[in-house]
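Here are two versions of the same chain, shown separately as structure tokens and labelled structure 1 and structure 2.
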Structure 1
Amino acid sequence: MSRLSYFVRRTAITVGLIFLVASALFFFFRAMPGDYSSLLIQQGMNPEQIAQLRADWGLDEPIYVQYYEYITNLLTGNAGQSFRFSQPVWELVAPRILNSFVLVAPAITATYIVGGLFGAYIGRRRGSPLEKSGIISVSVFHSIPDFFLGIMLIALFSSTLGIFPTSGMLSPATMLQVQDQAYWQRFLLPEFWRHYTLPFMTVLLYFMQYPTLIMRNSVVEVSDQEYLHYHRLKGLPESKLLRKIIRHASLPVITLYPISLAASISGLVLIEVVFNWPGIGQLLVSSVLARDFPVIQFVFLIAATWVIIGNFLVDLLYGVLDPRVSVAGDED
């Protein structure tokens, strides 16, 4: 199989998976007890008004017609209307996705850089007190629930020391000042970075275990390979030898990075709630409490799509990162 054929096949599988997820979400929410219209009915409505309400929302159509319109709307970028806010779901979710990405992407990237380097460092010192203390420390931080770790940081750095604000992305006064400006400009304000520090630290400390332990184990495994003994016999300096070890040992960490990034954007719900961060996690919680099913359905779809695309990119990049990996028949 050529690389082009492999790319086309993986692309088709990825698109098919996204379609299956979208279809499963549609039928899952329709199979739940109750009726969408019951969320919209106001006290005092007569049967004619209720029937008109169902017609306006397309709830009086057969299920296969609703499904066809749902898929067609998704393909045209229409994610439906929020019951709670009475506005298009995409307009409601889009800024929340950006807020979550701004929080998670730099934090997870820093986690894998710092954790990978720290794992390589302790992996070269097997059996030392540094290795043992390093493994214990990252394991302890990960064993603490992420929301409780955030509360501990708030108690220390906000309530006790008063260094950082407790929650939010900006203060209410600043939000009023920047509401007419371009959305991205708020990310450049010094106040934003003060609000950003504690959620960033929470994500970094909580997820540090994955890259550290994987890199440590990979370095231990790679260090015993024969080609490194050859380089040692040649008298290669330790710094250059360490770079070669990190280059080969980092493949499992690089593979896990996009998957962790994709899962974290949709998985840091409690951290966003603790810090009152206006991301999709906080929106998902409030939508669940309000039974705003169009928003819930679309947020789940976005989260699943992000994970599927992350795995797709890993499959494509792994052959580039590791020359030992090839598509079947490519060597011909």
Structure 2
Amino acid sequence: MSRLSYFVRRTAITVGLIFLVASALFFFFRAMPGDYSSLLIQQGMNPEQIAQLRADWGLDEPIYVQYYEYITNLLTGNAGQSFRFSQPVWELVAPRILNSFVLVAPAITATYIVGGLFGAYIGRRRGSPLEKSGIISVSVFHSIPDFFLGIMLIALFSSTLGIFPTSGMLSPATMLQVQDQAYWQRFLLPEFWRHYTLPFMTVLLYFMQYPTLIMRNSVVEVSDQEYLHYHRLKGLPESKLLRKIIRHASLPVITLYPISLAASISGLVLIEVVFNWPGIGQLLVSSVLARDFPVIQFVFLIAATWVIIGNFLVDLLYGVLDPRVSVAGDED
């Protein structure tokens, strides 16, 4: 199979999977006891109004018509109305996707850079007390639940020392000031960065374990190879040797990076809740407590899409970075 047809096939599978998740969500939420109108009855409407509403929303149509409507609406970017905020779901979710991304992408990237370098460093000092304590300390940070790590940081840096604010992305006063400006301008304020520090540190400490241990294993493995003995015999200084080793050892870490970025959406929910960060995870949790189904449905779709596209990019990356990876697909 050629590279192009592999790419086309993987793209088709990815699109198919997203479509499958969207469909599953539709039928799942339709199978719920009662439908959306039952939520409105509680708000004190008379039967005529409810009947009118059901007709407006197309709830009287057969299920396949509703499904068709749902899919075409999704494709045109219409994800329905939020019950809680009475505004289009897409308008509600879009800025929050950006907020989540601004938090998670730099934090995971920094985790991989710091963890990778640390892993290489301790990998070269195999058997030393430093290696042992290094491995144990990254494991300790990964054993503490991420939200509890956040709580500990808040208790230390916000409540006790008062260096950083406890929660949110901007203080309410600043929020009012920046309302009329372009959205990206708020990311330039020093106040934003003060709010940013603690969630960033939480992600960094919690996720450090993967890149550190994988880099350490990979460096240990590469260090045993013969061409490195040759370089050492040649008299190459340790710093240059390390650079060579890192270049050869980093492939597993690089391929893991997008997987972590995709998978972090799950841990991100908790970190966003602890720091009250206005991202999609925090929106999901508050929507569940308010039973705002259109938002739950759409945010879950976004989260699943995030993971599916992440895995898709990993597959492509594997193919580019390591030519040995079979493009036939089904065999590992």
Partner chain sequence: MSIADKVHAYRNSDLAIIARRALENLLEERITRVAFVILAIILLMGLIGPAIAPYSYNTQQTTDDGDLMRYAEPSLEHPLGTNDRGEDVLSRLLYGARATLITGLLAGGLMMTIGLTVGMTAGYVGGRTESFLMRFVDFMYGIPFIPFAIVLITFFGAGFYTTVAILGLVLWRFIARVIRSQVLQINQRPYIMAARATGASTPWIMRKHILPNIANMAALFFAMGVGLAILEQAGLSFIGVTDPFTPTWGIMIRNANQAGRIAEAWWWTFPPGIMIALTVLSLYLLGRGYEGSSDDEVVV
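Here, residue number means position along structure 1's sequence, counting from 1. Throughout, rigid core stands for the largest set of C-alpha atoms superposing within 1.5 Å between the two forms. Everything numeric here is computed off the predicted structure, so don't read it as measured data.
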- line: The form predicted together with its partner chain? Structure 2
message: So that I can tell if Thr72 moves, could you say whether its C-alpha shifts by at least 2 Å between structure 1 and structure 2 after the core superposition?
response: no
query: Relative to the superposed rigid core, does the CA atom of Asp180 travel 2 Å or more between structure 1 and structure 2?
result: no
message: Is the shift of Thr166 between structure 1 and structure 2 large enough to count as movement, that is, does its C-alpha move by 2 Å or more after the core is superposed?
response: no
